[in-house]
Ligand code: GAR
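Take a look at this single chain in structure tokens; it is the form predicted on its own.
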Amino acid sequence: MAEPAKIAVFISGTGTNMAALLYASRLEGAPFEIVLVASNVADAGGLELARIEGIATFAHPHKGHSREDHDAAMEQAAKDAGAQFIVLAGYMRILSEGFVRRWEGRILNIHPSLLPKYKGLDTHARAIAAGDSHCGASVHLVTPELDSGEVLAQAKVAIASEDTPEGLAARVKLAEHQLYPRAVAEYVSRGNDPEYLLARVRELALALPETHERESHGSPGFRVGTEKSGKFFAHFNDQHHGSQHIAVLVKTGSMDELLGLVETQPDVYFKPAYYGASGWIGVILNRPGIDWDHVAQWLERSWCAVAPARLTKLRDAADRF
């Protein structure tokens, strides 16, 4: 089993969603652990709960500090705790754009509406006023635009004719406590999910000109050219031939380059047992902090190595403009 992902939870109040995450993290097989609970409110109730449960805490009131300076202090605390993800749980601060950019794809939030409906505040009152049959909660990635990141999971809650915003909020909160731990667990596990990793590789590989997918030795592979005469430029490797890695195999320029990369960056590259003798290198996908731009660059380079000259010439010409 992979090591649990380390998360820092940011709160501003009682921390009920933080508590749901904390107790879920202690169930057998949980894929994440909380390494820090941090708050912009020194006496936030959730901090005391975290302390009782033996979780490291950090408080840094935002008053008197610029948004960027306050974010920098919170970010440093998360880094010092070894956090790989930041999970917002009732954190009543809008994060600065620089902070969000640095943690892109690694900050999650829960919002009390069925996004994209009712971004911002007063979500329950707005749902009731609109005559909606349901409201609910959404877990989403945090982006610089408020409540606009990719929605990862949602839970619906029925709206009764006699509902008040307060009563509806209480029921939605119960749904949040069920939804958030599951959504966080699924998201942080993506890096070890072969289906998710293959889907990402497939998206990048098939975006290149005149490519198609074909199985090779029982594994997905990607070729450039016609169905009849195309050449492989990538293979997906799911712990095959005794390897512990989930990887994409791509072509290097030489055996010296392959061996040099494996020797200097063994956490990123390995020599495949079956393909390595032919100059193919494994780019490890099931590792923390995977850089998909880096994977895309390798796929394009490998594509260029085997693509027909008419395609590479067109691509070179396009790049010049």
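In case it trips you up, residue 1 is the first one in the sequence shown, and so on. Keep in mind that what you see is a predicted model, and the values were worked out from it rather than measured.
Heads up, the form predicted in complex with this ligand isn't pictured, but that's what we're talking about next.
If you check this ligand in the model of the complex, you find no heavy atom from any of Gly191, Pro194 and Asn286 within 4.5 Å. The contact with this ligand in the model of the complex, taken as any heavy atom within 4.5 Å, belongs to Met92 out of Ala158, Ala72, Val151, Met92. Residue contact check for Ile110: one or more of its heavy atoms lie within 4.5 Å of this ligand in the model of the complex. The closest non-hydrogen atom of Gly13 lies within 4.5 Å of this ligand in the model of the complex. In the model of the complex, this ligand sits within 4.5 Å of a heavy atom of Asn17. The closest non-hydrogen atom of Lys173 lies within 4.5 Å of this ligand in the model of the complex. Only one of 160 to 168, 207 to 215, 111 to 119, 221 to 229 lies within 4.5 Å of this ligand in the model of the complex by heavy atoms, and it is 111 to 119. Counting a residue when any of its non-hydrogen atoms is within 4.5 Å of this ligand in the model of the complex, there are no hits in 53 to 73.
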